[in-house]
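So here's one chain in two forms, each on its own in structure tokens, numbered structure 1 and structure 2.
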Structure 1
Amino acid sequence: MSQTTTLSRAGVVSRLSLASIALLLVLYGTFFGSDSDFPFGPFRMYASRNAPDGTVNSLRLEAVTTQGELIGVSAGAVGLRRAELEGSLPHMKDEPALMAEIVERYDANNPGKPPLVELRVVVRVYELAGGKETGHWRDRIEAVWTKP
């Protein structure tokens, strides 16, 4: 036969009050907060809406090495995730110094590979019609950094 352990009054009161505070914080975050309120921010993954006749963007990094070769640079190679690069795109456009820092990171993180002389942020824009891919896309170079 098993036994049951119950909680003291203080144990119950402290648990229920902390749980209520946490619940209020996460409700506040959901309705009024932003990503910066993590872990109480809104649960925003895939919450934004793409228009069925609009476009879908996909960002990638391309680079030219000292050997003149055009290569793709994964976000992971500079210590980031693709979505983080997308979130930082406005900063990269405004501050070329940030692009230089990404190149420095790449060179430091990939010591065996030839260094970069040029880095491009390329956004591929796919066109949709009626929620369907039209097969048309264009590559837009959003930011370029070249070794001075």
Structure 2
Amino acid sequence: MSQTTTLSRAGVVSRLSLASIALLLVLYGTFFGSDSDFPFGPFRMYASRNAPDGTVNSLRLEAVTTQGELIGVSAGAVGLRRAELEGSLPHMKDEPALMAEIVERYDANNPGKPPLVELRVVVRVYELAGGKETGHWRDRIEAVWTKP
């Protein structure tokens, strides 16, 4: 037995309106959005590819401890996923003070380790030739937070 449900005029109008708004947001995000606009942005890591003779960027965190040691900080050490860090890069570049929260998370998650006095977002740019690594790369510091 099947039952057929008929939507009221208000139900049809509300569903079509919501679908239209979602479609407009997706179209806007596709042409003008960035990864930060997910789920309406393009999420470029899956929607694009690098040129075979271009470059590939790899983001990482580096920190200086109170003992002056330079260490690598993984996204997991601060309770984030790598994609979350990459998506936050524009915000960290615009306002490095936001990185203080990452330092607080690191200190909370690593109580036995020396506290951090500086945190850097570093992008390593790998050069490609014919779609393969050339072995050449350069580091670019995108954002720096220093303990006040």
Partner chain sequence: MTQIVTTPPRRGVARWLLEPLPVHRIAVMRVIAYLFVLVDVFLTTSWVAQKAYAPESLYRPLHIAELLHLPHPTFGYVTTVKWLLVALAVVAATGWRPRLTGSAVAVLYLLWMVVGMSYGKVDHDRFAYLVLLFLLPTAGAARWGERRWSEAAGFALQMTFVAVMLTYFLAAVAKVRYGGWDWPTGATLTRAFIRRGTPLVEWVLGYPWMLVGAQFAMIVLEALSPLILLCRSPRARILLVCGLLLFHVMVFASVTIIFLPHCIAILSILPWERFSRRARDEQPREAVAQPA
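Small disclaimer: the values here were computed from a predicted structure and weren't measured. Throughout, rigid core stands for the largest set of C-alpha atoms superposing within 1.5 Å between the two forms. Counting starts at 1 with the first residue of structure 1 and goes up one by one along its sequence.
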Panel number for the form predicted on its own: 2
Rigid core fit then R9 CA moved by 2 Å or more between structure 1 and structure 2: yes
Core-superposed C-alpha of D37 shifting 2 Å or more between structure 1 and structure 2: yes
